[in-house]
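Consider the single chain below, provided in structure tokens and representing the form predicted alone.
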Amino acid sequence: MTADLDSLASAALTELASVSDITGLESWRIAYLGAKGKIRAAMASVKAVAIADRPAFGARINALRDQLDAAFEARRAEFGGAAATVAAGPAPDVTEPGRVWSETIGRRHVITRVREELCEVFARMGFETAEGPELEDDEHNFVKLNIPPHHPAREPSDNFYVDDPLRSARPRMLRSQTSTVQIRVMETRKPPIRIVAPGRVYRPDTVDATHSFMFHQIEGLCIDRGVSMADLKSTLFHFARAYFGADAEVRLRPSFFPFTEPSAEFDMKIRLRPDQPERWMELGGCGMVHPSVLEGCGIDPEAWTGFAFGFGIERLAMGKYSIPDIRMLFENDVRFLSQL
């Protein structure tokens, strides 16, 4: 039996010396050192050896296995240390794109897409995009928007104040409207101005199918010479038909806002469910910029006029994609999001 092991060692080393490539080296390893190789078969033959000789025979097989392992590693090093498990065939092209292991491809959230779509529509009408801080102060959120000190909109129960409004002369707060961006733009730029300001706003509303304590707005501002209510109406009607289609039904209803005069509500007929009829839904407010707002920002209301408008982005998304409940936009249910 020992002679057989010597013959096995001689044959293995001779074949290993004749290997010419990494593929041949892997074949040699499988033949001699693999799970079904010749060394494993020799180990199985130990039961045919006399009991007294088995320790010496086992030690000889272990030594042979170690010898062949060392010879294999030395031979592999001669091939540059390449992995012995490289399959036969042409070398892989490392410049090819990686495989897509998942069949599910992510997408941007519907709110993000609608926001970008709205900015793109208004960009075609000459509006640029402006942004401002979400942590605002009382002056930009209320004072310069012509909202008086005791107006109900300034109640602590209707806002997320960071500072106590009863103890701070200029309390900070999470902005309740993106009109604050309009104020900041008018403070730092001279007319003519034509901007839209998308962003998150915060109000402690009770969450239901059409309200949330955090939502998104997009507000627009146009300041120029001779701007009139007719320009506002034309802009809003062009927007509605560009975004929702030529058959979009829209209307303006008289309203009141401290920062615009005259003011109006902008409504559109929307079908939230396929099995329900269309109904009028308020999308936002609009109007001519109040002269006091222009004066507060250093703009002469005798020389310049302007209009402003503001929409809820969630409301627009619900109208465009027939979403019946605003909460569906924030629940992160993949089954719902994958449909949009």
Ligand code: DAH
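Quick caveat: nothing in here was measured; it's all calculated off a predicted structure. One rule holds for the numbers: they count along the sequence shown, beginning at 1.
The same protein also exists as the form predicted in complex with this ligand; that form is not shown, yet it is the one meant from here on.
Of the residues given (309, 57, 28, 304), 309 alone sits with a heavy atom within 4.5 Å of this ligand in the predicted bound form.
Of the candidate stretches 159 to 167, 69 to 77, 116 to 124, 254 to 262, only 254 to 262 contains residues with a heavy atom within 4.5 Å of this ligand in the predicted bound form. For the candidate spot formed by 200, 212 and 323, no residue has a non-hydrogen atom within 4.5 angstroms of this ligand in the predicted bound form. Using a 4.5 angstroms threshold between heavy atoms, residue 287 counts as touching this ligand in the predicted bound form.
Residue contact check for residue 235: none of its heavy atoms lie within 4.5 Å of this ligand in the predicted bound form. The closest heavy atom approach of residue 136 to this ligand in the predicted bound form falls outside 4.5 Å. Within 4.5 Å of any heavy atom of this ligand in the predicted bound form lies no heavy atom of residue 146.
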